[in-house]
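Below, in structure tokens: the form predicted on its own, a single chain.
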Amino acid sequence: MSARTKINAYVELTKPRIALMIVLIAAAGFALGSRDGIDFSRLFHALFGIALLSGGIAALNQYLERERDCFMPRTASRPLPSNRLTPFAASMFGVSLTVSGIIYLAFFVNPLTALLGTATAIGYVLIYTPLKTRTSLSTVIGAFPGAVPPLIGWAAATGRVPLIAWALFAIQFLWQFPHFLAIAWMYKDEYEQAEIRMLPVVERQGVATAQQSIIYALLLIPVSLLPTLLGLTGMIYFYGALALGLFYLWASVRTGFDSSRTQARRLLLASVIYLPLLFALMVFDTTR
């Protein structure tokens, strides 16, 4: 195997597209917390440490799931199932990135950011990932570390996490359910083959999946308005968030009535559009 192929495999192990999304949302949290102006040096250090941490967690997740990934066509080409990397190399790479990210955040940002990063790593790697083969409630548990990016961004900027920062956490927490349930519905047969107990695997008719997608999208609408109600943003964000929330709810409701793979993919696309636009609008309305 060439050096270039191996390097590409290590990069792939970090799930760079997901890492980019995490870094961007954390950057939004940092900007929103920087009410007296952005410290760009601290921002750089925060995002670099978060990127290390995100890549490490992704690598460890793939290490733990390497055997189940072999059973799913969408994951069978990952570095470990395809034998481009050994399990030992992947695990050491993941541990090194994770530990380096935590230490970097502690020394160059602040201890609270490192603590939140540590909690995220523990929650995702040691709790959420093993539970995926045991209970469909793993999605709820995994949503907690999954909602940390805006919170850790705010903590990096200010060294604290006030109520408004937790509102950002709640927004991302609720957003995840229609997003991940759409993925779970699209690949329910693969998840079942890999013995991963996603909700569509446990309840094949899709009624509970549709209900939960709609309920969480509905709850997200009032929660997404909290930044204005708590004084962080103005009315531009308020009405923009309301429109985006109704769009996300509409996509969830349509999936409830049409449980096809195509409609689930549309819900997934709606979720990918919703989150970055919402945070971009939030940042715009606080910095204009």
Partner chain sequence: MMRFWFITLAAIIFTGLQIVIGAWVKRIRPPVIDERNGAENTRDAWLWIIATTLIFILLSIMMVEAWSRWI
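Numbering follows the first chain given and starts at 1. Quantities reported herein were computed from a predicted structural model and do not represent experimental measurements.
Only in words, not in the display: the form predicted in complex with the partner chain, which the text now covers.
Trainee: Only one of these stretches, 252-260, 57-65, 27-35, 43-51, has heavy atoms within 4.5 Å of the partner chain in the model of the complex; which one is it?
Mentor: Looking at the partner contacts, the answer comes out as 252-260.
Trainee: According to a 4.5 angstroms non-hydrogen atom cut-off, is Leu229 in contact with the partner chain in the model of the complex?
Mentor: Looking in the model of the complex, residue contacts with the partner chain include Leu229, since a heavy atom lies within 4.5 Å.
Trainee: State yes or no: in the model of the complex, is some non-hydrogen atom of Ala89 no more than 4.5 angstroms from a non-hydrogen atom of the partner chain?
Mentor: Contact with the partner chain, no.
Trainee: Quick one: is Ala114 in contact with the partner chain in the model of the complex, heavy atoms, 4.5 Å cut-off?
Mentor: Contact with the partner chain, no.
Trainee: Any of the heavy atoms of Gln212 lying within 4.5 Å of the partner chain in the model of the complex?
Mentor: The answer is yes: Gln212 has a heavy atom within 4.5 Å of the partner chain.
Trainee: Please identify the residue among Ala121, Leu218, Ile196, Ala147 with any heavy atom within 4.5 Å of the partner chain in the model of the complex.
Mentor: For this set of options, the contacting one is Leu218.
Trainee: Scan 159-176 and write down, in order along the chain, each residue with a heavy atom lying within 4.5 Å of the partner chain in the model of the complex.
Mentor: The stretch touches the partner through Leu163, Trp166, Ala167, Ala170, Phe173, Leu174.
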